[in-house]
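Listed next as structure tokens is one chain, alone, in the form predicted on its own.
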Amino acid sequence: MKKTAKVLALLLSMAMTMSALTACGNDTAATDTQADAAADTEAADTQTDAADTEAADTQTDAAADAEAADAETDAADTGAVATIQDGVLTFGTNPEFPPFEFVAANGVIDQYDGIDMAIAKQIAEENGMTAAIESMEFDSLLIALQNGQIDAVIAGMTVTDERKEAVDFSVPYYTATQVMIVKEDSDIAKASDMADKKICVVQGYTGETCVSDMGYDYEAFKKGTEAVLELVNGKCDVVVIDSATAQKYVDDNEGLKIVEDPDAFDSEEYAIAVQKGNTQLLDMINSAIEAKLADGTISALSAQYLDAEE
């Protein structure tokens, strides 16, 4: 009996142990299931957050693109071409055209002086900027302007239909005409008398265009001083050039005189050139020039430089 009781007790103990183990196993499986469910939920939340973030970024990028497009549209509508850098308004010129632009020991803008240089400086300063000058050959000025190397051209430049196709011009600030510089004993009294003479002009200037249109042969120089020196030294008979500059050369060289021929040479207007479509800069320059014409500033500058010794 004792042996039988022990066997029954052992069987009962084993049954209870198995029951306990089964219960523990069920708890572990439940815990694992809950953990898996929580992990799945977290992953789903992460995916949702990522999707929301990506959508927000996409909306931000779209808003930025729209803003940029609006800015481009506004620029196109106004025609503005931003070229001015760091508050410096850079003018291109050819400083071989006194009294409008020339090199001096103490210029109004660095070493550059003249009517145009004084106007350029005033335009920049009145608009809270500093004027800077880039010196180059006259024929290179409009190319440099179109390439964005400079903001504007001020160089005693005559407004022509051909040039207006490439750039925009300000309101004119000076009216001139072409004249002939000859020696005092010359027999040249009108443009037609140049037919059998040796003629000198400055390359790219209006004088070259006029002489070419007349069908006369000529020699072109880079600088007005070089052309006039040819005349002084007896190597040519006449120099065709703008009236104000001609007067300066005659004043500075004895034995020369000016011959006018209104029937052969039309009047011309000088203006400042800017990039095509740069209405913002053009409007600023126009306002300044119109004010200076009205208050007599440009007339005073012309008289000052025409009477001054270079």
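For every residue, the number given is its place in the sequence shown, counted from 1. These numbers come from a predicted model, not from an experiment.
The form predicted in complex with a small molecule exists for this protein as well; it is not shown, and the discussion that follows is about that form.
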Assert contact_stretch over 103-111, 120-128, 211-219, 197-205 against the small molecule in the predicted complex, heavy atom within 4.5 Å, equals 197-205
Against the small molecule in the predicted complex, would residue 158 count as a contact residue? Criterion: heavy atoms within 4.5 Å. yes
Please determine whether residue 94 contacts the small molecule in the predicted complex, using a 4.5 Å cut-off between heavy atoms. yes
Residue contact check: residue 270 to the small molecule in the predicted complex, 4.5 Å heavy atom: yes
Is there a heavy atom of residue 164 lying 4.5 Å or less from a heavy atom of the small molecule in the predicted complex? no
